[in-house]
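Encoded as structure tokens, the following chain is the form predicted on its own, with no partner shown.
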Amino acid sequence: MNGRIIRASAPGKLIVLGEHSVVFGKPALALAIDRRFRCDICPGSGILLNGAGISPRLHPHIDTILRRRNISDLRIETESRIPSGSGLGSSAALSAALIGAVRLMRGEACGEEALALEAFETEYEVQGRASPIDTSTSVHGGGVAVNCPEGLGTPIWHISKGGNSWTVSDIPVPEMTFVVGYTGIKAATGPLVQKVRKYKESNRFASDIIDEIGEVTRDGMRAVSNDDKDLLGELMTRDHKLLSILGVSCRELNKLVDASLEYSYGAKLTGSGGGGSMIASLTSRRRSAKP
């Protein structure tokens, strides 16, 4: 790359509780992880991504960000340690990093709230529906809660869209160890989000499941606040069962979750599901078999 290079990076995330239901304004809890997406940009002739052109189909987030900003001349080089389609926030980290780099290049304000809002709008347009949990976590880092019970977190910004409203908070998280299991199956978020939306609109039972996920997530936030790893693990496993009922798990995810339960406080899929990854909250002791 020639000329002045602007570099930005953002972390991926894992959702501890609340995926899918958070799209409908329910609470969710996520943690930033130590795998990042890096983006280098500089002015150029036309749009080049790692030396090649881009297409809306293959690079929808990049295309959306540049189109919304009327950018037609830019060279972009990327490096990611977050597998795409893994449920670990690769698209949110991409959006946060690229938007941050463009804002720096243009001399615009690069505060967290403005960056998180623009990244969320990108995700919303690409997926057809989204929540701010992924992008807010990639921008803010640490522990991020959406619509948490009063007194458990420190509100940092508020986002509304499509009749739903989310208060995003920084939430203290005690030291915990998670293992991530990757199925190797790439699953696009948008179709799974739309699948749940259609199920919810056509079936009262699905709405009840989404409400229950919201209650499980609130209880989980309280468990995190109280450093109650046993309860948090039980709620994670319960959340996975509810997500499975919604139809967003798969055989490979269920096998990984089941295999980890004897050695963890609890386990569940993380992200949109359909493949991607699961997480298990590890314990230092082998748990006794349950009847």
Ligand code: MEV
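We number the residues from 1 along the sequence you see. Keep in mind that what you see is a predicted model, and the values were worked out from it rather than measured.
Unshown form predicted together with the named molecule; subsequent notes refer to it.
A residue is said to contact a partner when one of its heavy atoms sits within 4.5 Å of a partner heavy atom; V193 meets this definition for the named molecule in the predicted complex. Using a 4.5 angstroms threshold between heavy atoms, I15 counts as touching the named molecule in the predicted complex. Among residues of the shown chain, T217 is not one whose heavy atoms approach the named molecule to within 4.5 Å in the predicted complex. Contact annotation: H20 falls within 4.5 Å of the named molecule in the predicted complex, judged by heavy atom distances. With the partner left out here, the named molecule still marks one of 108-116, 170-178, 67-75, 131-139 in the predicted complex; by a 4.5 Å heavy atom cut-off that stretch is 131-139.
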